[in-house]
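Below you'll find only one chain, the form predicted on its own, shown as structure tokens.
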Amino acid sequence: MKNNKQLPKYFYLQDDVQWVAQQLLGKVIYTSINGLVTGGIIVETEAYNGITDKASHAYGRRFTERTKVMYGEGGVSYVYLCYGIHYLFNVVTGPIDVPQAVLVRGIEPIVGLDYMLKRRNMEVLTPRLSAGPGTLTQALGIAGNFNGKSLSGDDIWIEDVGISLDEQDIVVSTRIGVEYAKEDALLPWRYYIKGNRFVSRK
């Protein structure tokens, strides 16, 4: 482990993916690539409840080369290419064979800002740097090679730095871009920190 702030393994093994999605708010995600460390506070998440969730890649126990990482033990990353353009980062949760995951949709940059700006071809910090699941992965340097990596390793990890959020600090809404999921598109499984400017917009 990096230090005693790093989230313990049992955190990721909870079988309540909505709880994990909310608890990840205020935690800090880090990457270390060629010695360059970047990181940000997680400010927006979405929960995907595995085989019963029509918005999940694992709905109906769908098992493919892409989704197989979701069926492993929680505490690893699930990274996939969306529309052939953006990589999206998810935290796999739950015990083995319970394919749940939390999509991280927005982070507030706090470490390695210069590196993050360079990766996004930006010069000035604005929410465009890391508000949105496809932009935060670029800022953190997360690509397909991060798929399946342990979240307790040297390349990517998440820490609890003591940020405390009360219920009134968290906004609950429906998930973005999952209209195909029919009635499950109406589930209130998107969570974000109220008033944070690095929350994505539809």
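None of the values given here were measured: they were computed from a predicted structure. Throughout, we count residues from 1 along the sequence that is shown.
Unshown form predicted in complex with the DNA; subsequent notes refer to it.
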Q) Taking the partner as it appears in the predicted bound form, which of 21-29, 189-197, 174-182, 8-16 has residues with heavy atoms within 4.5 Å of the DNA? A) 174-182
Q: Let me know the one among 55, 142, 41, 158 whose heavy atoms come within 4.5 Å of the DNA in the predicted bound form, would you?
A: 55
Q) Using 4.5 Å between non-hydrogen atoms, is residue 80 touching the DNA in the predicted bound form? A) yes
Q) So, in the predicted bound form, is residue 103 in contact with the DNA at a 4.5 angstroms heavy atom limit? A) yes
(Q) Contact with the DNA in the predicted bound form for residue 75, defined as at least one heavy atom pair within 4.5 Å: yes or no? (A) no
**Q.** Contact of residue 67 with the DNA in the predicted bound form (heavy atom, 4.5 Å)
**A.** yes
Q) Can you name the residues of 18-52 that have a heavy atom within 4.5 Å of the DNA in the predicted bound form? A) 48
